[in-house]
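Take a look at this one chain, the form predicted on its own, written out in structure tokens.
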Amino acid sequence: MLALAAATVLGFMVLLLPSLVRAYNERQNKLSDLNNTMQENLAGMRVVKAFVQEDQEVAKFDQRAEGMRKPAYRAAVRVAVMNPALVTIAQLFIVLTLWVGGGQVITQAGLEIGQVVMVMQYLSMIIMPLSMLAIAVPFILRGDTSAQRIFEIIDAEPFVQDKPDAQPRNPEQVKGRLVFENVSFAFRRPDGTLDPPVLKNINLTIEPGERVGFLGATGAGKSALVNLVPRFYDVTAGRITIDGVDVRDIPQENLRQIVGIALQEAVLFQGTVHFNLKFGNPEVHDDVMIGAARSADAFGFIMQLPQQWDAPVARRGYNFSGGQRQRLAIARTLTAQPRILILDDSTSALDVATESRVQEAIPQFTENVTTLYVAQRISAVIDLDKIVLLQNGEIIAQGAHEELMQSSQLYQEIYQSQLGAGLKGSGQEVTA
């Protein structure tokens, strides 16, 4: 009787739990879709309003919510059924014990009343804890489903990893000679396969302290190329060296002390201006931070803030304009004092006059620092030591502005489209 009761309870739970797990898994997936929709709408609230799409987005949210309701309902029904069902099974076996055992006691067929009571007590000791477990199991399963999604991210192996024998280098001893040797690169899909290459057979040498600009149409591979230097990605062919050392032979943490990058999307962190500017090097002297702010043309508006360096910065820096965020981001990179500086279209939100001031001030702050500029506007790179023109992931021309005006038709077309008409309109003559 006791074995039959325990087997019945366990069999019931074994039959019910798989469907409960599936319901929780589906519920979490639908909840993820619902959260993504909500976050997308909150972040893009102005866009939704600007295009009068409130009703459509509300309908989309309702659809996602309804999609989550169904698996959540199935899981809730199973949870609601589990505990009463186990209690009912326990009571049925107690009734069965009384029926069979009581009959034998009355007819004196072999069992005594003490034995019947003992069986009833054992049934309670076996089944009631299982009934209590049924209350906890849904919470355990829900937590396990959520934990699996978290550990998928925690346990994911990064594609960019340090070599076991990678040796750190002293940033102060790095000269900054950067060489791309037959570099090709393709983005990797989630399943590990590679997309078509976005960079093909890049060969380029940048000498220490040289200022080099990368110019080309959107999708030419400019940002992908410079992002290979701090190893945000790894090359799929060829190699990149700093002072003759492959970047893959340098620990990533050490490499990113050597290579500093200011991105086009200037992300600031909640805190103060002082905290954000010293984010990459908290121990640096304030004089360095102030000098970096001057070079990034951020010193003026920081001094106008009521709390100046202790002025609060909202999440992602939303209490500053786009141009101010970019200048603060440049100052943050300069404060870290890298030996190789990358400015990835980081002045795109600045007007021409401000951009010009930043371009003139940075070399004075970063003396002997190898500097890479990625730009859409030719005015941002026209005065650099070298300009690299990219098209479809390949270098099609390189040289100073005067050289490219003589040798590259594409560069001439870019120059004429961006600057030529403006110069002619002002009464100045455009010369090659």
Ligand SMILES: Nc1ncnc2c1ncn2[C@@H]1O[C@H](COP(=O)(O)OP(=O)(O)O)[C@@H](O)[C@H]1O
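As the structure is a computational prediction, the values presented were derived from the model and not from experiment. Sequential numbering from 1, following the sequence displayed.
Note that the form predicted in complex with the ligand isn't included here; everything after this is about it.
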Using heavy atoms only and a 4.5 Å cut-off, determine which of Ala220, Ile89, Val183, Val288 is in contact with the ligand in the predicted complex. Ala220
Ok, Ala224, Ala349, Val235, Val79: which has a heavy atom sitting within 4.5 Å of the ligand in the predicted complex? Ala224
Sort through 290-298, 335-343, 118-126, 210-218 and report the only stretch with a non-hydrogen atom within 4.5 Å of the ligand in the predicted complex. 210-218
Tell me, yes or no, whether Ala85 is in contact with the ligand in the predicted complex, where a contact means a heavy atom of each within 4.5 Å. no
Heavy atoms within 4.5 Å of the ligand in the predicted complex: does Asp195 have any? yes
Report whether the minimum heavy atom distance between Phe139 and the ligand in the predicted complex is within 4.5 Å. no
Though only this chain appears here, would Phe187 touch the ligand in the predicted complex if you measure heavy atom gaps against 4.5 Å? yes
